[in-house]
Structures are given as C-alpha cells and as structure tokens.
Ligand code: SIN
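Encoded as structure tokens, the following chain is the form predicted alone, with no partner shown.
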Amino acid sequence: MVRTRRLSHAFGVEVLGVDLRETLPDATIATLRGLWNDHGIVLFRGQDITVDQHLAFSRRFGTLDRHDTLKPFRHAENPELLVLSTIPVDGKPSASENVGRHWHSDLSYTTRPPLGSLFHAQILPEIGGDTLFASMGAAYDALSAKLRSIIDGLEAVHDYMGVENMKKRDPALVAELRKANPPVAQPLVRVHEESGRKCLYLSEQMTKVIVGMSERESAPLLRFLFEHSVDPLFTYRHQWARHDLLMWDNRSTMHLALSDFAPGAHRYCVRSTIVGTPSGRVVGAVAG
C-alpha cells in the first residue's frame, strides 16, 4: 500500500515511506505511474541515492533520453543525466547556470517532447532556489466550453530561440542550440496519452504565434492563455530539501526554476528524462 499526501489544491502528491535505493515491485511502479498520470507531479523526500540508483528507478518508467539536443548540459560520464548547476566549471560559468528561468514544458520545441523527468536535488542554497509548477490540465478544464472549442484544433509554434535568457549565454553555445533546435508547431491543446485528459500546451517565451495567424493576431489569445495557466489556483511552489526526488509529467505540467537566491549561493541538481511519443512538426523560422 503506497501512502500519499496532497501537495496542492489542483495537483501534486507526495509519496511517503518509499526508499528508492531498493528495487520496487512492479505493482508499486504501476501505482506510482498511475499517481504520476493523475497528479502531474510526484515527490519523494529524503532519497540519498547514487547516480546508478537514480537511473535504475527512472528506467522503470520508460526509455531514457540521452539529451543529444542538449549536449552542453549533459553529465560528463552519464549522457542520460542533465546537470542543472550554478557552480562554475574551470573558472567559467556553468553552461546550465540560467537554464529553466522561464515557464516551460521541457523540450516542447522538439518533435519528441519527453514524457516526463525525474529531478534529484543534491546541493541547494540556504534560502531560495524554489521551483514553480502549473497544472495545464486544471487550467484547460477551467476555460469556458466556447473557448475550449475554439482552441482545440489550433497549433502554435514553439521556438527555443525565443527564451529571453538566451541573450546571456555564450554566442557559440547559442549557435549550437539554434542549429539543433529549429522551430516546431505543436497542438495548442495536447491530449495526455495515458489519462486522455486535455491540457494547454504553450509557454510565454517560446510560443509567439498560432499557425495560420500573424503574431499580432496571435498575441492576445496566447497572452490570455498563458496568464490563465499560471493563475495561483493551478500552481504549486516546491521548496526543495536536499535529496528530494521529484517527478513531473511533461505532458500535463509546466515549471519555472526561480533565481530567488543570493549571488554566490549554489544549486546542483541532476535530471533524467523519459522519452515521449512524437508530437509536432518542424516549421520555418516564420510561421503563419
């Protein structure tokens, strides 16, 4: 019997009394997968696990991404792990220092966005470093029936180059990321493959235009949907503790890594990513 505790009104659940250093029975994994599908995020506190244990647990939920489109952020020895760190490397800022500082769904700008991610917190600032999550299913459900009928068949373009902090990154790194990640048109409403639930699928910085419309025509609708999706009613703020492992469902949630900690304070976390099903199509730099 898996014991749980709700994390917020709209979504999220903490699992109690499970030790991820152990090999869990298939029935327990099936229960955890059901919780993940239903609640969007699943939290395990106090998991002092090794890299191998992290990866072994992650593989129980699907094939792991080797992060070929995000090579600058890969773990040096384990390409199935991304490193999210503010710790300088060889006297230079970490390549991932400013990653995730905007609302987003991971790799929505690719044609195979991940099913989800498993994020392990290892080094944390004394104060701050929280992550915000938003339930895109709850946000969709709260729309009027009329608006849902209008947006259900629309596509919107996701462009990684639209991220504001791209300007702060090394130009050579930006060029590499641009080459690997052309703009992609995705459904504005995505259907969760396992639960069948409809979820909004957009982010403020990467989603600028609806296919078949100009940017000017698209802007009011996209702005409304984004602001609606991050209403506090649909969000959860996670205050990290060392050795938290948190799973988020990339198909039904967005997240934002807050830079709410002092300069010089450091954060080091690793993330595995479960490969998802194909979605979207590559488009030109200008869509309409």
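Note that the coordinates shown come from a computational prediction; the quantities given were computed from them, not determined experimentally. Residue positions are given as counts along the sequence shown, with the first one as 1.
Just so it is clear, the following notes concern the form predicted in complex with this ligand, a form of the same protein that is not shown.
Can you pick the one in 251, 255, 54, 39 that has a heavy atom within 4.5 Å of this ligand in the model of the complex? So the residue touching this ligand in the model of the complex, by this definition, is 255.
Since exactly one of 183, 162, 100, 72 fits, which has a heavy atom within 4.5 Å of this ligand in the model of the complex? Of the listed residues, the single hit is 100.
Taking this ligand in the model of the complex, would 106, 131 and 271 all count as contacting it (heavy atom within 4.5 Å)? Heavy-atom distance to this ligand in the model of the complex: all three under 4.5 Å.
Just to confirm the contact call: exactly one of 6-14, 276-284, 263-271, 20-28 touches this ligand in the model of the complex at a 4.5 Å heavy atom cutoff, so which is it? Every other range fails; the passing one is 263-271.
Heavy atom to heavy atom, is residue 84 within 4.5 Å of this ligand in the model of the complex? Yes.
4.5 Å heavy atom contact, residue 201 to this ligand in the model of the complex: Contact with this ligand, no.
Going by a heavy atom distance of 4.5 Å, is residue 119 a contact of this ligand in the model of the complex? Heavy-atom contact with this ligand at 4.5 Å: present for residue 119.
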